[in-house]
Every structure is written in C-alpha cells, then in structure tokens.
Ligand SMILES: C[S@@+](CC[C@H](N)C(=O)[O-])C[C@H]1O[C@@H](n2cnc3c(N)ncnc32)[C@H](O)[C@@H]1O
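There is one chain below, alone, in structure tokens, taken in the form predicted alone.
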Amino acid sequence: MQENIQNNDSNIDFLFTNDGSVGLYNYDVDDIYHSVFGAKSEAKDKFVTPLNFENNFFYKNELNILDICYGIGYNTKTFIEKILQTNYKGKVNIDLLETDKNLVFFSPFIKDGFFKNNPEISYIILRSLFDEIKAVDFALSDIIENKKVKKFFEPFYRRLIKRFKFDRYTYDHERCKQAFLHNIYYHCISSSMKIAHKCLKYKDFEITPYIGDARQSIKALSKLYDIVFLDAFTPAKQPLLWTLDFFSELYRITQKDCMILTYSNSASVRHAMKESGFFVGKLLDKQNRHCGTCASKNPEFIKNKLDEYDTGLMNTSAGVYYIDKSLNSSCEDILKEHKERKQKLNLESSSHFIKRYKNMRECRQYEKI
C-alpha cells in the first residue's frame, strides 16, 4: 500500500515493506529507498551484520560513522541498536549526508519496527536533531497528521507533536526541548531502562546532519571515519555517488581499519572502489547469495574476497566505472561520458564473459573426471 506525499524537495511515496517497517519510493528518481522485502531487515543484513563489529570495532574508544543517503535512517538506527546490544562504552559520532531534510526530520517518528522494543533509538536521534527540527517550526506536524500518510508514523509521536504544537509557546527553547524529550523518556523508556548507566549512555551519541549534495558535503569533511554506509540510488540511474572520484574522496576520509558497505553488486562500483585503493569483497546473505559489496584499506576486514568470476566481470564493459572529476557533474553528463568511454574501450560484454566463464568451468569439471 503506497501513499504519496509531496514537499519542496521531493515527490515521495510511503509504503509498508514485508517486515512491517516503512519504506519509500521516489518518483523524481523512479527508484526505491529500501527493499520491499523489509527495510529494517535489509539494514541489518547488508549494512550492520557484515561489520563484524565485536571483532573489528568494539575495542575503539571513539567511532566516527558516515551514513551517506540517510533517508529515514534505517542504517543508523540498526547500528545504534547494535551498539546498545553490545554495551559498547565509547563515544559514537554519526554524520548524515542527505539531500532531503524532511526525510531526516521524519526519521525519528516513522513506524520503523524499532519503537516497540527499542524506543531509545528514536530518543537518541531526537536528542541530536531536535534543534534542527524545531528550526522548521514543526511544520512536519501538518504532514504527519495528513490522513493519507499518518498511518506510517508512530501514534505516540503524532500525539506528542500535536500537543507540542499548541503548548510550545509557554516555554523557552531549552525548557521546550527538555519537556519534549522528557515525555519520550518517561513514557517509552524509563519503565524498561532504569539502570543509570543506560541513561548516561544515550549522551554518548552525537548525530550531525549535512543537508545537500553529498559530493559537496564530503569535500568539506576532515575527520577520519571508521564505518561508511553507502545507500545511494541505483548506479545506472543515479551515478553521482558511485564514481571513481567519489570513492577517492572516501579513501581520503577513512581510517586504515575502516569498512565501507553498500547493497550494490555492480562490477563498475567494485572496479571504482579497487581503483581508489580499497581492498574489495562481497557480502553474502543467509542463502550464500551475493547481497552487496564491502571495501576496506585493511585486507583482513574482507571476509569474502572477490573470486575469478567477480574480477572477470570487472574487466568487461559492465565493469567500466563512472567518472566525475569535478564532483559536480549532472547525471546526464556522467552517463553520457560513461557510454562514450565504453564504446571506445570496446571491451568484452558481460553476457559474453558469463557464457565463456560457464564453458570454462564445465571444461575444468570435465578434466577432473
């Protein structure tokens, strides 16, 4: 079931995915934000579980996370859930890159599948984003109460925002903020989270949104990131954040022991990662099927290395990466240049390679008999 919502920045559909969490469809791009099989499940399987957090990151006293194309926040929320489950005691800084500020502001209030068992996740995000949300004068309350889309938002937050809209003028900003957060903590968290150190733990998260073109935002970043979630639209439709030049920027701002994770299995994406200097591997689901790609400067972080088939595809026409040297080209210009370069290179097609590889494997099997 989809319902449409329009704002100044985008033309979005809300829909329920198969695991009950809310997903999005963007008409401007003609692409989905999340798998219809489950937005929450996808974030866990493709972005958080493959981190092998306990072995690779738990020892660090401070973590810097970069969530590219934050949307309504499933990757960040699932990561926060993981942190709370492991009782990690360090500081966590999460930077969000997103073009649509309304999606960022919607994110704490969405029916995302976390509220029932982990309401503290929205609380943590709201602690950091409250000032930005307040700055838009809570105009999102009109959208959240829209009859067509209000079913996609948690009823508790709808009631709280509605009350806040009429009561906020009786408080100064800081008292208003404390009252709003206190209501969430008292009604959603305190009954199940009475341990003092849990309350203090929520203050160890700092979440900062950067609204605008991620290519421009990333050029201004100077800290070194431990973990990067790259959840942009499909490369063939929106190549802006999948270029060699963008991955080169990611290389500049990542730690030696870093991990970049994405849902994409694209040979061109893997080729761009490799040419940028990263070691590249593949993500496998529970059925041992390809479900994404990971990259790191540390080869020991790559659990499932690319095999002969994967590297072979990278050397075909399908593996020709996108280029955006100025990091401000349009999609149309990037796609045009990519098409022209592919024609000049005249590489083997992916379909021909797949047939050749299949025949080669059959010959090898025959020789073993």
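The first residue of the shown sequence is 1; numbering continues from there. Just so we're clear, the structure is a prediction, and the values are computed from it rather than from any experiment.
FYI, the form predicted together with this ligand isn't displayed, but the following is about it.
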* Would Leu240 count as touching this ligand in the predicted complex under a 4.5 Å heavy atom rule? -> yes
* Is Cys258 a contact residue for this ligand in the predicted complex, using a 4.5 Å heavy atom cut-off? -> no
* Give a yes/no on whether Gly277 approaches this ligand to within 4.5 Å in the predicted complex, heavy atoms considered. => no
* Should Asn265 be classed as touching this ligand in the predicted complex when contacts are defined as heavy atoms within 4.5 Å? -> no
* To do: Work out which of the listed stretches, 111-119, 295-303, 179-187, 213-221, brings a heavy atom within 4.5 angstroms of this ligand in the predicted complex.
  => 213-221
* Sort through Leu97, Ile83, Ile227, Ile125 and report the residue having a heavy atom within 4.5 Å of this ligand in the predicted complex. => Leu97
* Select from the listed residues Ile32, Ile323, Ala318, Leu51 the one whose heavy atoms reach within 4.5 Å of this ligand in the predicted complex. => Ile32
* Asked: Which residues within 58-78 place at least one heavy atom within 4.5 Å of this ligand in the predicted complex?
  -> Cys69, Tyr70, Gly71, Ile72, Gly73, Tyr74, Asn75
